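Shown next as structure tokens: one chain only, the form predicted on its own.
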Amino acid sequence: MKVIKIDKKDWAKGIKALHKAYGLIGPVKEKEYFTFQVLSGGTIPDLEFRNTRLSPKAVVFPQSEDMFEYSLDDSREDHHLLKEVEKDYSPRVVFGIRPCDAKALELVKMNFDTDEYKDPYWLNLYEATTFVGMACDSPCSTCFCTTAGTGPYHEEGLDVLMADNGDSYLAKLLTDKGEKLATSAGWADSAGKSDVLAAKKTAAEAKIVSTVSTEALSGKDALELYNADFWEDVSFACINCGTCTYVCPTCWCFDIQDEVHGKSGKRMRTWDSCMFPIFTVHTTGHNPRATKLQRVRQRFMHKLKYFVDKYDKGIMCVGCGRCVRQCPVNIDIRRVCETMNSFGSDNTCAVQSS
């Protein structure tokens, strides 16, 4: 792994060179917010952002994705045949993904890439993508990544880790994909043996003011947590809007639907949310999670207990703080995590922040 220096005056030139070999995706400002978009023409990724409202998980898990198409027209030779929609899996680069969001994709990958089942849509997009991370030197007050298994300079899931260094970017090339990208862009200036990245990492981590405690979660009895009396209080304010699940980089729930217009149809996959009442409705009409309390409990038990027990890889959360910032009724996963972690003890449950 080597560190190179990219002079900011050469940044646009390198991006232009990459357009020849890759499709480019990066943060673009829209009014007061940033979103990850396909960079067409001369558009340059805008790296002067704190964080995006939506995570870039849609890069490998589109919010709506056509899977199959079919025709009900009897006059066509291929009528009533389900045909796979042609996909574009050509090489592409995502610029500016935060380290926490890259780590989130690694957690989600455990669901889409198993010994029993491998999701071709998710995995093909993931393998086609080179991830260029942007270190987080100014974390939000709601970020708690350092106690959620990641951090502002975390490298897992990234091919390149970049950091702003005034007139230049420092870029740590972590994989062969990252090396190939730098070569294609013409970025080759060595940063030498500078310890700037290590110093910047220490400074960034010191700015994280929120933490969660997770060390006791794996030892808790799942049924006792499930039947705990605090779920009524946790779920009381929830309006089942689904915002928390849509902004979350580790939520992977989806639905598959058929849409027909005239005699043409398609089968598509779309994001779904365990917060929606219809999410678990059976064809019989029975709903095993018919109440708000049951749905809220399921969300937090999945992220903070079931996932912990199944994978032994920590919690299903990377501490990005999006759900904390955007929940319209101020339900705070940090407080819920503390409550679950200290359940059955005399510890006071509180969000640790300054």
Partner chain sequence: MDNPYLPFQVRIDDIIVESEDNNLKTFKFVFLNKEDEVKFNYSAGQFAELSIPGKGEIPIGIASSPVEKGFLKFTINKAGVVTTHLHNMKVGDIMGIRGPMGNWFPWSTFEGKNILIVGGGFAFTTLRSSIIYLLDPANRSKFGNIDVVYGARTPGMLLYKDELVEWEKRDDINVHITVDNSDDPDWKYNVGFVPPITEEKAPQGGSDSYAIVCGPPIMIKFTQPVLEKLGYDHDHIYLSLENRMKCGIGMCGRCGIGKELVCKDGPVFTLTEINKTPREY
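What you see is a predicted model, and the numbers here were worked out from it, not measured in a lab. Numbering follows the first chain given and starts at 1.
The next section is about a form of this same protein that is not shown, the form predicted together with its partner chain.
This chain lacks the partner; the member of V196, A228, A191, L123 within 4.5 angstroms of its partner chain in the model of the complex by a non-hydrogen atom is L123.
For the options W252, Y169, W187, F95, the residue carrying a heavy atom within 4.5 angstroms of its partner chain in the model of the complex is W252. Here the chain stands alone, but in the model of the complex its contact with its partner chain, taken as any heavy atom within 4.5 Å, falls in 279 to 287 among 95 to 103, 279 to 287, 173 to 181, 147 to 155. Heavy atoms of D73 never reach within 4.5 Å of its partner chain in the model of the complex, leaving it off the interface. The closest heavy atom approach of M67 to its partner chain in the model of the complex falls within 4.5 Å. Although the partner is absent here, K201 sits far enough away that none of its heavy atoms falls within 4.5 Å of its partner chain in the model of the complex. Although the partner is absent from this view, F49 stays clear of its partner chain in the model of the complex, with no non-hydrogen atom inside 4.5 angstroms. In the model of the complex, T114, E116, Y117, K118, D119, P120, Y121, L123, N124 are the residues of 114 to 135 with at least one heavy atom within 4.5 Å of its partner chain, listed from first to last.
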